[in-house]
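First, one chain by itself: the form predicted on its own, in structure tokens.
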């Protein structure tokens, strides 16, 4: 395609997840002609089979303890019964509603949507599943990632986080493979729904990359609730019995019998069959699309954002990458995504939230650090007779007094951390926290009371 032949579109986006939709919308707002191809549903992992439906399940799970605690607050709850199909169907209906809104947003910006698979046939050409070939000045790949399923005999009897939202009935015994945020989130969800939960991890620790004290506290609380853990253990074979139950042949621990097995052992970029080789796009060691700070691949006309690049696999990061790409390539100013101090959360039970460096990371990078912690029982838990304790932690650069990390585990920690992350991003110092008057009585006041 020559400079005199601009192509059918200024931008063609493959994948209508959070990053692709944002890039398409912003580029169109800048006046570009834009098309998007999506073979599944508009909205991507976050909206369809990830953070949105999962958070709705988390909300549903919280009612289990809230209904128990209500008695100490004077409420008489005569019967507590959970109906999985009601929650499942309501969540899926909400997902459907959001998908419609995403499509409406693209339509309002005159973005053309192709509900079919699209593959590259060159640096500026795309072939649709219908057989039509289109050309574009720039191509953006935003195909995301998918759950990793290991090569284990009988793996067809297991499910991933994709299928968990569609379960026909609630498994009363579930084994969850993995030690990351997805595994711990679903462990809390299924436990609150009344299932017996066993978490199997091939390593010896949960939530690698999170502050050690937060990880230890979550493990302690989870075990107290009755969630079981098997560390340094792997799956040899999965057998489905005549009654539908699963027999899991294990290494490192005793064999387990369960009604369901959920693998949450990481996510891999969706790059297969996209024609990347035909276009000459280079991949990294883990199969991710390699890009520069502008999200550009080694092919000048092809870009990629979101999980398919395996930079930071978080929805808000993909959205910002898509926005930066569109502004830089089609707008009147260029900018890069700043990956420092990205806040993150684990919607476990209770949740963990963090921003900045862990204590060990700070010691390795800065040398001398000071830490401040508050280990307390939330007021609600005290009256409810629940012994579960929260833990907040500030990590401070001893040389400059700058707060370089905040780590929290406790009720509503992610909601509190979002505001606190602004302080870390702004480089505020410990005295700035100390000089802020507490908002009492709240859990968040602990952030300004640590001495």
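Positions refer to the first chain, counted from 1. Note that the structure is predicted; figures quoted are calculated from it, not measured.
One more form of this protein, predicted together with a small molecule, exists but is not displayed; see below.
Engineer: Does any heavy atom of residue 266 come within 4.5 Å of a heavy atom of the small molecule in the predicted bound form?
Structural biologist: Contact with the small molecule, yes.
Engineer: Contact with the small molecule in the predicted bound form for residue 282, defined as at least one heavy atom pair within 4.5 Å: yes or no?
Structural biologist: Because no heavy atom of residue 282 falls inside 4.5 Å of the small molecule in the predicted bound form, the answer is no.
Engineer: Mark residue 345 yes when one of its heavy atoms lies within 4.5 Å of a heavy atom of the small molecule in the predicted bound form, and no otherwise.
Structural biologist: So residue 345 counts as contacting the small molecule.
Engineer: Quick one: is residue 180 in contact with the small molecule in the predicted bound form, heavy atoms, 4.5 Å cut-off?
Structural biologist: Because a heavy atom of residue 180 falls inside 4.5 Å of the small molecule in the predicted bound form, the answer is yes.
Engineer: In the predicted bound form, do 63, 225 and 390 all put a heavy atom within 4.5 Å of the small molecule?
Structural biologist: No: none of 63, 225 and 390 comes within 4.5 Å of the small molecule in the predicted bound form.
Engineer: Specify the contacting stretch among 181-189, 115-123, 323-331, 254-262, defined as having any heavy atom within 4.5 Å of the small molecule in the predicted bound form.
Structural biologist: Only one stretch qualifies here: 181-189.
Engineer: Within 4.5 Å, heavy atoms only, which of 380, 247, 202, 196 is in contact with the small molecule in the predicted bound form?
Structural biologist: For this set of options, the contacting one is 202.
Engineer: Tell me, which of 241, 80, 97, 208 has a heavy atom within 4.5 angstroms of the small molecule in the predicted bound form?
Structural biologist: Only one listed residue qualifies here, and that residue is 208.
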